[in-house]
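Next up: a single chain in structure tokens, the form predicted on its own.
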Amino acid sequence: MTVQIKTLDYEPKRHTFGHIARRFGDKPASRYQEATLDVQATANFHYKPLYEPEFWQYDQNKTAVKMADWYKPLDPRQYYYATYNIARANMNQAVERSFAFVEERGLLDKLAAAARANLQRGLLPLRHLHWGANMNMTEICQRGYGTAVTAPCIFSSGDHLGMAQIVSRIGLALDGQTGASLDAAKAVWMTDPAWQGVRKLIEDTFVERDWFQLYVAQTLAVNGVIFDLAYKLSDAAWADGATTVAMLTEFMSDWRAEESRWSDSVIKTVAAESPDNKALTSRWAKHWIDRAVEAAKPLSAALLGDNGAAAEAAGEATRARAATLGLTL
């Protein structure tokens, strides 16, 4: 008896979804492309919302910058729901290992009093700043246009919520899970002069209605100046606890590099679309970076005793970064 194995090749009637085929032709597409391109709702709205009757629910006119195609500023990380969650799950596992290492050895309990005081004053209030950033990225998602931008914004919003939780866990580890350190951190955020410039800055961004200006303010100024400064204070401010703190905030360091790669790509693409876009984006970047530097000066002066030099350095680094994106500050 002989056995013959035959194979049959079936040619699919189509290789991708219609909205992708209309862009690139009927050929295989990546999951990222299928989950991102031309997903934005554009028609069949019943009526303009009463709270903002000059705009439709999804309206390109909610920002002053103009794009012929809002799917040009793609995410170089190519994140969609699955890839984002896989990446963050891996990063969270690293966070859990670091917390387990620190807690098993009681490393936070061994910190000097000065380092603990600086942590209480300089690190824990960041949970409130991350909450503000979470609000901003959510606002950009709901007011923005084009899934290529708005989808990564809601991922970024989730990142800030996660980082606020990490900072909260550090506080709970400091006070033996009583929550007293978090209450004290809130009081610092609300009343300490070192933080009031930062608090005013983030609260002023809450009322910015142009969503792309808010994007520039958050990703370039707040992330680039305030967060970068705050998480780089370790060596000077945390003294003998610098290594311990760096272990627990490693997520933030990895995130800043990754987030910048995406946000820089978006700003560069939008600014390059037209001279008007470049001029607008440059003006917004200068305004918010300058404000962020002034807001951060009391913080670096209080924690480092440097009369605001670290804030100025963070501002210069961010301005140089903006220049590489084609902006003129």
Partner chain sequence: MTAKKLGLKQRYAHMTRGLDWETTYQPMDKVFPYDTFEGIKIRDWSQWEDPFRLTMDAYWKFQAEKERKLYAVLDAFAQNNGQTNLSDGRYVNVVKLFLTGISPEEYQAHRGFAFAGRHLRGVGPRVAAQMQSLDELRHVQTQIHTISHYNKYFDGIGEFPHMHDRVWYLSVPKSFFDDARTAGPFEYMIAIGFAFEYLLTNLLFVPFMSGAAYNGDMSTVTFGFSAQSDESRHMTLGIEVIKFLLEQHPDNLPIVQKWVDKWFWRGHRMLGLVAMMMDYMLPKKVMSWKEAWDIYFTEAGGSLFQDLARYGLKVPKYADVATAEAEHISHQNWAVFYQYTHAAAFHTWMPDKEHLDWLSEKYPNTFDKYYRPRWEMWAQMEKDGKRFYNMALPQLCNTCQIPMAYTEPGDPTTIAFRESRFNGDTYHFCSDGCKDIFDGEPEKFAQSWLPVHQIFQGACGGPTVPDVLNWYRLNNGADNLDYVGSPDEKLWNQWMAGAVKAAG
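Just so it is clear, the structure is predicted and the values come from calculations on it, not from any experiment. Numbering follows the first chain given and starts at 1. Each form is matched to the other, and the largest set of C-alpha atoms that superpose within 1.5 Å is called the rigid core.
Although it is not shown, the form predicted together with its partner chain is what the next lines describe.
Participant: So, residue 68 and its partner chain: in the model of the complex, are they within 4.5 Å at any heavy atom pair?
Facilitator: Flag for residue 68 set to no.
Participant: Taking the shortest heavy atom distance, is residue 64 within 4.5 Å of its partner chain in the model of the complex?
Facilitator: No, no contact at 4.5 Å.
Participant: Is there a heavy atom of residue 52 lying 4.5 Å or less from a heavy atom of its partner chain in the model of the complex?
Facilitator: Yes, residue 52 is a contact residue.
Participant: Taking its partner chain as it sits in the model of the complex, is residue 144 in contact with it (heavy atom to heavy atom, 4.5 Å or less)?
Facilitator: Contact with its partner chain, yes.
Participant: What I'd like checked is whether 242, 272 and 285 together line its partner chain in the model of the complex, meaning each has a non-hydrogen atom within 4.5 Å of it.
Facilitator: Verified in the model of the complex; spot residues all out of contact, no.
Participant: Of 40, 265, 60, 277, which residue is found within 4.5 angstroms of its partner chain in the model of the complex when only non-hydrogen atoms are counted?
Facilitator: Selected option: 40.
Participant: Sort through 247, 135, 188, 115 and report the residue having a heavy atom within 4.5 Å of its partner chain in the model of the complex.
Facilitator: Looking at 247, 135, 188, 115 one by one, just 135 meets the 4.5 Å heavy-atom criterion.
Participant: What residues of 311 to 329, in sequence order, lie within 4.5 Å of its partner chain in the model of the complex by heavy atom?
Facilitator: Nothing in this stretch is in contact.
Participant: After superposition on the rigid core, does the Cα atom of residue 68 shift by at least 2 Å between the shown form and the other one?
Facilitator: No, because once the rigid core is superposed, the C-alpha of residue 68 moves less than 2 Å between the shown form and the other one.
Participant: Once everything's superposed on the core, is residue 7 shifted 2 Å or more at the Cα between the shown form and the other one?
Facilitator: Passes the 2 Å threshold, so yes.
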